[in-house]
Structures are given as C-alpha cells and as structure tokens.
Ligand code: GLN
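As structure tokens, one chain now follows by itself in the form predicted on its own.
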Amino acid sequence: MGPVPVIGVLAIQGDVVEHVRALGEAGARAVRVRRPDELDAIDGLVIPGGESTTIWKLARAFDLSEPLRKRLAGGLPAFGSCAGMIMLADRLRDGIGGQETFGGIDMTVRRNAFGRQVDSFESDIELTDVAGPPGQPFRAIFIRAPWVEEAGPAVEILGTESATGRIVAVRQGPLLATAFHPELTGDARVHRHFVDIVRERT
C-alpha cells in the first residue's frame, strides 16, 4: 500500500468538508490549504466544487494563484470537481470578464453548461479506469455543472453523460477532473482513483 499520502483540499470556498471526508475514506490524510506555504507540504490537491469565479477571486486575494500554477506545472497531482474542473481547464467559455483559471488540462470547459442550480440532476456514468465492480456505473450528481467542449490529444476521456454524450470526466497525466460531485455521493471510487494517482507520484 505504501505511505499514506497527504492531500490538500483548497479551502477557500466550496464543499471542502465533503472532500476531506471522502479522501479519508479513500486512504489519504486530508489537510485544508489556504496559504501558499501550505502547498509545499502536500502530495496532491483537490479543488472542490463551489463557484469558480469566487474561487478565482479568493485565490488571488490569498496570493495562491501563481504558487498553485507553478506547483501544477511542476507535476503536482490535482483533482477538480465541478468548479474545480473549470479551474483546471486551459480554456474557458462563458466565464465572467477577466476570469482566469489555474490551467493544466488541455481542454475547453463551458461554465454552467448543464444549466443553473434548479437544473441540477443525477445520472449514471460509466467511468473508464476507475476501480469498482465491473459494469457498475457511478451515480453522478450534477449541480450547475460544466462540461468539456474540446479536449486535446493528451487528454484521456474517462466518462460521458449518457443523455447528452458530453464529456464529464477527464485525466491528463496527474490531473483529474469531473463535472460532477463525487464527494456528495458516499461512493469513494473517484477519490480512491485520485489517491492512487498521487501514490504513483510519491
């Protein structure tokens, strides 16, 4: 099994507590990250769901944006759910004026693509390479969710939403992103998959 990885959860906005719980269930030690120096003490990072424009503004206010970009460019494993997927995208559609991302995954993501809060829904997703009983889909929760409109050649598509065929789960190297919220399901398979990615790098 190896040592227990230390995985940070970006704790400036969003569903932090749920990710901390899911990471613990997946065999990691989860810590909250709010300051640039805390990035140096982690083996991986989760960027939670929430509101991408608020995460962007607060990351700038906390002087986290540039240190985080450097750690990601240097190979830090990261997992982004919903707003976190937006923050890991190299390109963004329907962002507010001047909105930036941390980047790292060669994809174009559209904000709120599946609709507003009232359009939240659940859907069964077949996830490639995510450990679990064969043929057992992942019951995904979408809340004002983005989708991936374009993915570069280095991006591995792990899952699509069945009704629309839209890309909702991807991986590029040590970076993982989902348009849905696995931390809200009680199903730790996606978090275990990310913990395995972190272990590969430590």
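Keep in mind it's a predicted model, so treat the numbers as computed, not measured. From 1 onward, residues are counted along the sequence shown.
This next part talks about the form predicted together with the named molecule, which is not shown.
A heavy atom within 4.5 Å of the named molecule in the model of the complex is found for one listed residue only; from R139, R144, K57, R69, this is R144. Although the partner is absent here, G159 is not a contact residue: none of its heavy atoms lies within 4.5 angstroms of the named molecule in the model of the complex. E149 falls outside the set of residues with a heavy atom inside 4.5 Å of the named molecule in the model of the complex.
For H193, no non-hydrogen atom is located within 4.5 Å of the named molecule in the model of the complex, even though that partner is not displayed.
The named molecule is not drawn, but in the model of the complex it has a heavy atom within 4.5 Å of E51. Shown here without its partner, the chain carries R91, V155 and R171, none of which come within 4.5 Å of the named molecule in the model of the complex through any heavy atom. Of the candidate stretches 100-108, 69-77, 121-129, 82-90, only 82-90 has residues with heavy atoms within 4.5 Å of the named molecule in the model of the complex. Along 177-198, a non-hydrogen atom within 4.5 Å of the named molecule in the model of the complex is carried only by H181.
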